[in-house]
Each structure stands twice: as C-alpha cells, then as structure tokens.
Ligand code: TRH
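First, one chain by itself: the form predicted on its own, in structure tokens.
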C-alpha cells in the first residue's frame, strides 16, 4: 500500500527535551524512509528544540530543516491559514491535541494517531491500536511504543547499530569527540590508559553525591561527563584526584548518541535517552520521569522485568530512583568490580541485540497506516 503523502507531527514541550527529542527523531526517520512524503513538525518551544537539533532557528515561525517543515505552533496559523490543511497522517505526541481549527478541517480521510509514552507495562499490548471516537465522530487511534511484538515498537534508525559499531571500533572517535567538548589532554591520556568514562544525564532527585562517592572509592580513575545545567547542585568531589567532573555544552542528538557510545557507564533520564542508551549497548542506569503516586517506579519495574539484567543490576536502578544514598552505594560498588562490570556489559549488549531483532517503530507505524488504508 502507498505510504502517506503527508504527515503532521504535533509536539508540546513539557519536560524540556524528552517530548521534542522523541518527535524530532520520529520526524527524521520518517523523512529518511519516505522520500516523497511531506512532513511537518509543529512545536511550541523552539528554544528547547534548538538545544538538541542543528539548524533550528528560535526566531523563525516557519523553517525547513533536512526536508522537515518546522512550524512554530500557536504563532503561524493566524497569519497563514493554509497551514491548517490536515495531512494524510496526523500524529499528536502524548495527547497534546492539535489546534481546534485544524481538527475542524479533518475528515475520515486522515489517519489520526495519539503517540503515547513508552512503557513496558503489560496493559500496553491490550490498548495499542485501539480507536477512540472523538466528539466530531472521527476515530483517533492509540499508538503505544513498546518492547514486544504486540506494541508499536521502538524508535531506531535502520543503520544505527552499524554506525555505533563503526564509532566504537575507531580508536580516534572518542578522543576527538571529547577534545571538541573541552576535555583536557591529561584526562584524554588517562582514558587511553584505562580510566573509566561515565556519562550522567539525570533529574535533580538522583543521588548524585552517592554516585560520585562510589566512583571515587574504586581503584580505577574516573572522568564524569555532565551537560551544563544537569545536577546544578553537584557536591564537591571527594579528595584524592582519582575522580574528575567535566561539564560540556548541550549537544545535538547525533553527538549525544556518540557520547553514549563512548562512555563505559551511562546514567540517563526519560524516554528518549533510555532508548539511546539501550542502543549504545553499554552498562546503563535509567531514571524515569517522576510521577505522582510513584507511578514512575511501576514503569521502571515493568521495564526491568523485561530486561536481561541480573537482580543486582535491577537493585542499583531501583536504588537510584528512590533508595537512600547508602542503599545506592552498596548496590553500585560491587557492580564496578571488573568481573561484575564485564557481565553487566554482556547483558547490555544481549538486551540490545534482542530488541534490535524486532521491527522498529516507524516500520510498525507505516504497517498500521497500510492496514487502516485497506479497511477504508
């Protein structure tokens, strides 16, 4: 069946980078897959968008970046009503609801999807693909990304793992990247000699002091990388000089991937970064976005239940997301021993390879479009 001739993706930025991170990756992958389709990305916060994407102007209400038409939501439609013509496929990210004037022009010729948050919980399979009848009589379908064949799959470019492997096999890739980010030559030499590189992208609630204390307590020298603004209340580093912290400017998505490929251990937050850490196939610790009534812990446990990780690795992730400093330190320290860390690395690679055998999200999205097209 033919691919959709046009696709609109609507995104409201809620948590600074996660929402737009997912939508920008989706838009880029659709543009790469569908050479003749028109793709528009509607975004309400260009400032956050510009921090993770090259070429985005914060002042342009309309701009084209890599074949994707970027529309400043709430700013352009009053001056250009033609933008309100609905696309063949309409994707609202995380129930953000397109403009009323846009929805008023929609008909049953459009495939309307609500791209939901990623979850490994069991109930997702029973809800994926279900329609919801809207007040205007149109059907809006729930599309749930997920980790099983009965969900919408995971965002992954077709060549991603090959690019990762080429990067990790190149002896110059990591030091060149770190040098561009301002890491001093002395630490580049230490990393070359076997020091550990840890990348940290966390929410403020994370037990950062416990992490730094644990890393400093090992025999292996460690360099911690953190973007500016992450962990703003970082405690003083433990004495001894075996641990250093390097801050860098925010980077675009491609460079972020390269940082995850380069680190020995990644600590990441939110949905988009979780997937990129999985595809990096390196030991990682995840911090989901905090929710009321500790729902984020249910989300974490559901993902861990589907993961290849040992009880010890699961314990360190649970402690990172709600345990005491002492609990986190006691869970992490044994995993940093060489034999345990090698097993952690093996599990991360095995989990990545298993998920990579499934169809990716864009493949399942287009298959869903074809199926709905047949039934009309």
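Note that this is a predicted model, so its numbers are computed, not measured. Numbering follows the first chain given and starts at 1.
The discussion below concerns the form predicted in complex with this ligand, not included here.
Chemist: Applying a 4.5 Å heavy atom distance criterion, does residue 199 contact this ligand in the predicted bound form?
Modeler: Heavy-atom contact with this ligand at 4.5 Å: present for residue 199.
Chemist: Taking the shortest heavy atom distance, is residue 25 within 4.5 Å of this ligand in the predicted bound form?
Modeler: The answer is yes: residue 25 has a heavy atom within 4.5 Å of this ligand.
Chemist: May I ask you to check whether residue 301 falls inside a 4.5 Å heavy atom distance of this ligand in the predicted bound form?
Modeler: Outside the cut-off, so no.
Chemist: Applying a 4.5 Å heavy atom distance criterion, does residue 262 contact this ligand in the predicted bound form?
Modeler: Residue 262: no, not in contact with this ligand in the predicted bound form.
Chemist: At 4.5 Å by heavy atoms, is each residue in 203, 227 and 248 next to this ligand in the predicted bound form?
Modeler: Yes, the whole trio is in contact, each within 4.5 Å by some heavy atom.
Chemist: Though this ligand is not shown, can you say which of 270, 98, 86, 146 has a heavy atom within 4.5 Å of it in the predicted bound form?
Modeler: Exactly one residue meets the criterion: 270.
Chemist: Check each of 52, 39, 331, 46 and return the one that places a heavy atom within 4.5 angstroms of this ligand in the predicted bound form.
Modeler: Selected residue: 52.
Chemist: Using a 4.5 Å heavy atom cut-off, indicate which stretch of 105-113, 209-217, 123-131, 249-257 touches this ligand in the predicted bound form.
Modeler: Every other range fails; the passing one is 249-257.
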